[in-house]
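One chain follows as structure tokens, the form predicted alone.
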Amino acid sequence: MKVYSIHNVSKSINGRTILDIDHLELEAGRIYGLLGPNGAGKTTLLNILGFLDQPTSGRLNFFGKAVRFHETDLLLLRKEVVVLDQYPVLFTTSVYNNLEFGLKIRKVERAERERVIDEVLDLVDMASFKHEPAHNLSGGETQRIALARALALSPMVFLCDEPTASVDIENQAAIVALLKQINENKKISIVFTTHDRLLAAGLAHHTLVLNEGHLVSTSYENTFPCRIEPEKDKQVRCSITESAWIFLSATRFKSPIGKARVFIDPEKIELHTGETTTGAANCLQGKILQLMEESGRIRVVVTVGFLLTVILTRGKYNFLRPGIGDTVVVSIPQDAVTLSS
């Protein structure tokens, strides 16, 4: 069952197109991570999926039914979808009253309200905060109460805008674990935006990438700002960080000296197990941080001074048998690299 189907959806503001998606289908009961740089259209897409914004053109289906962007229809649809902001706002009253408000609006009986509130607070491990003033909570506690408030309404979909961006490491782990639990136990579909590729790889069943309003290949995540500097022997050095760089042929790559952007094709990167390799150019040593199966292939995230994604075939993975924490070497051939200004 498709929770969302998008067909030729675009959104324009003041004549500028900020979102343009030809086709996208999201399966019910799955978790989707939405990656992309600032201004890519992530929040705009989230607001359209949450029925808070109307596309300029195109068609959106929700569980197989066409969405009519009329207020009477939208009021009903908004009961099935909850949008969780990066900085959730709680009323300056008790945690209990914050959770009770939405249930009262929906005319849930008092005894049932009490039961639901106790259940969701227990689920997010915040039962002891039931009667605490909500405005005294930390950022991580506020996020967990916002999750509980959303859960109390029994939605079919959670749309989360940067759910871990404003909390500390401990609460980030707690929120990730909660989202997984909510998805597995409550069968709630989740779409979340993030800049954190490791979070997306570890939490999402599927990763989507937006750039300039368009869906692009997930290999886009291997695009980095860099600095191009001349070297000897008709080479240039492409510095991605102060401690990590690759050498490129100056005749092959005509990029001007100075700031540029480099794309490294994850399917052309060679992965070698162990600490050394012989005869390969542009070798960077690092450790494996994430392994994830995606459409029959294996995505490997390696830290080499920056986070680099390598795509392995199932056969190559079975031959190498890399594991999380293993020391590996990646070699980057010239034909894996594209430069742009």
Partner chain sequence: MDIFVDSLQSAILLVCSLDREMLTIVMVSLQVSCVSTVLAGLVGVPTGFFIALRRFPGKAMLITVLNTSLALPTVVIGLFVYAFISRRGVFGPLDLLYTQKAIIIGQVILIIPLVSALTIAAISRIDDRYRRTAMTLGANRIQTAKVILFEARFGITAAIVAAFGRVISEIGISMMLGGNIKGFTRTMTTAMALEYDKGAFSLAVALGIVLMTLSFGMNILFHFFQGKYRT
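Positions refer to the first chain, counted from 1. Nothing here was measured: the structure is a model prediction, and the numbers come from that model.
The same protein has a further form, the form predicted in complex with its partner chain, not shown here; the description that follows concerns it.
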In the predicted bound form, which of the stretches 148 to 156, 240 to 248, 167 to 175, 265 to 273 has residues with heavy atoms within 4.5 Å of its partner chain?
148 to 156
Could you spot which one of Val81, Leu208, Leu121, Cys226 gets a heavy atom to within 4.5 Å of its partner chain in the predicted bound form?
Val81
Of Thr56, Asn61, Thr303, Asn47, which one comes within 4.5 Å of its partner chain in the predicted bound form, counting heavy atoms only?
Asn47
Would Leu90 count as a contact of its partner chain in the predicted bound form, using a 4.5 angstroms cut-off between non-hydrogen atoms?
yes
Please check if Phe101 has a heavy atom lying within 4.5 Å of any heavy atom of its partner chain in the predicted bound form.
yes
Answer with yes or no whether Leu26 is in contact with its partner chain in the predicted bound form, where contact means some heavy atom within 4.5 Å.
no
Using a 4.5 angstroms cut-off on non-hydrogen atoms, would Glu71 count as touching its partner chain in the predicted bound form?
yes
Residues of stretch 106 to 130 in contact with its partner chain in the predicted bound form (4.5 Å, non-hydrogen atom)
Arg106
